[in-house]
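In the block that follows, a single chain appears as structure tokens, in the form predicted on its own.
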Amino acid sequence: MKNRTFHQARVSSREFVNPGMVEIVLEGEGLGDYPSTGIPDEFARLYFPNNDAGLIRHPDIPVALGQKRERSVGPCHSEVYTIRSFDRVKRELVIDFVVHKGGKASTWAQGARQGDPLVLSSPHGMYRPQTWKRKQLFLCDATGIPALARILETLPSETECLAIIEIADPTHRYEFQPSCRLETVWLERSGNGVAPGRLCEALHSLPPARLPDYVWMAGEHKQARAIRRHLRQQWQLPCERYAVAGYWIEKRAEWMAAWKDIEPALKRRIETSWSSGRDREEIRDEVDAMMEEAGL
């Protein structure tokens, strides 16, 4: 494939890590020059086979993969996922998928077979603690566990880490292999689309003695927004001391319908903010306020 924004791979193996997560190992010549960032929470956009044709077609890919000549194939489904690990020598890349009902990517992963094709974009990452490494706080739901696992494996042994993780079921606990000093708090039957999230509550309850040098959070977007606001306004952390990402949207179909129906003037204000060229964190403050104004 000439456009190296995309990288072809195929399923090598599938294994359930626990009842709530399935691990897919990918292999292929297309991973030989995969431009991994080395950032432990790096993520990439995955392009899945078209359900009707079993092929992968995206507007930026001129020919449906797996065919010698172009044919009429509808657009494929795509989603962003964390890269659990990457081995350039073996040309192997691992991605863990949360098991849940109704998700196209999760359904694909649960039924993936050896040889099934997949296409990946080039990756990006956000975890950059710089010099604030001694005490770190991690907050996430099940979607953030793969990234957290990789981060914990890269930290110096003297780093003190507190990880607060909400999972849908006690059987979904994950066996971390940290290289650092780790304390884990599991919030069971919490968040993850099965119950109200409790990460914000857990953050607010931390005593001053537990305040970290760096905070990393990944999970549902409304919880991410509230946690970021707390870090900026209550803790007054500078942006280089935290990284917060909304990995998914609860009741996404309803959210998308609400976004479609908001006032055009508000949409223009949001778009104008993002294109203003100002400080990105100040823009996020402004956009978050406008999104909450719209009930999103």
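Start at 1 with the first residue shown and count on from there. What you see is a predicted model; the values in this text were computed from it and never measured.
Keep in mind the form predicted together with a small molecule is missing from the figure; the text below concerns it.
- Partner contacts here mean any heavy atom within 4.5 Å of the small molecule in the predicted complex, and among 197-205, 170-178, 115-123, 90-98 they occur only in 90-98.
- The contact residue chosen from His77, Arg189, Lys135, Lys222 relative to the small molecule in the predicted complex is His77, the criterion being a non-hydrogen atom within 4.5 angstroms.
- Among the residues Tyr34, Tyr47, Tyr242, Phe43, the one placing a heavy atom within 4.5 Å of the small molecule in the predicted complex is Phe43.
- Looking at the small molecule in the predicted complex, residues Tyr127, Tyr214 and Pro238 place no heavy atom within 4.5 Å of it.
- Of the heavy atoms in Ser106, some are within 4.5 Å of the small molecule in the predicted complex.
- Residue contact with the small molecule in the predicted complex: Thr143 places a heavy atom within 4.5 Å of it.
- Within this chain, Gly102 lines the site of the small molecule in the predicted complex, having a heavy atom no more than 4.5 Å away.
- Interface residue remark: Tyr81 is counted as part of the site for the small molecule in the predicted complex, having a heavy atom within 4.5 Å.
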